[in-house]
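For reference, the chain that follows is the form predicted on its own, supplied as structure tokens.
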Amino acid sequence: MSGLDRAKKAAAVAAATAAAAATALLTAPAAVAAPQPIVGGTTTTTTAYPFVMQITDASQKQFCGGTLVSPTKVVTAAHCMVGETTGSVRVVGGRTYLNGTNGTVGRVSRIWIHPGYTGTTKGDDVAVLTLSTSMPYTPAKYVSSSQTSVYAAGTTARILGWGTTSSGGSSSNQLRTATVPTVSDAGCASSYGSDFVQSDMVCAGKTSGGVDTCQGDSGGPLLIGGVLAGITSWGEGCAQAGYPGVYTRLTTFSDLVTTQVNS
């Protein structure tokens, strides 16, 4: 089984190639469920979550999320940054609405992608951006390498993002949030088989589906107890029963992140 990452660019590429593939699609199997928003959630603001950042292109078009962990460092997903350069991305803080003009637009001076990253279902899906100037917002605390117990099955976790709002539709203009329970490693392995790398990933979502992250939410935070514990990474479809969202298990990478934060 191959999973789908949750970067908005993945959805954009799929749309761009749809016309060329029309003939093949006539005989192709049914596709997985189309992108949904942070399903079952509610709108919120960057005032409530000041550390939630938009990752945008140079024109400030959002395609991923990120979490401010120090005034000049943002944690996001490796798959969001593959193929990007310091000149091609911006980080926008303090902007609740995608069509807003408020907040702070930060330029990126360095992109660190985990050197082991080769694909979302292989693990190592973590990146750290260094900003050219400080963001004037309160950073999030993040888990240490020893806090592995935070992922105990059934623990309430919070997800945030600007994911797409309908099948083939546009993004949620306003930041959204929802809560989902963490899933046991055995349960996640049952859903995803060998694509679930236990050391690097944690699953969160309801067995019945209905609440999840999706395209455009990649790189954004999974918070447990108000602390950054995961990074939105991938999943099979969005909000499907039996297929919880998959997040980077940040305890595994906490020491590496700290090295980047201190660099």
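Note that the structure is a prediction, hence the values are computed from the model and not measured. Counting begins at 1, following the sequence as shown.
Form predicted together with a small molecule: not shown, discussed below.
In summary, the region of this chain contacting the small molecule in the model of the complex, judged by heavy atoms within 4.5 Å and restricted to 48-56, 66-74, 209-217, 194-202, corresponds to 209-217. Using a 4.5 angstroms threshold between heavy atoms, Gly40 stays clear of the small molecule in the model of the complex.
Looking at Cys238, you'd find a heavy atom of it within 4.5 angstroms of the small molecule in the model of the complex.
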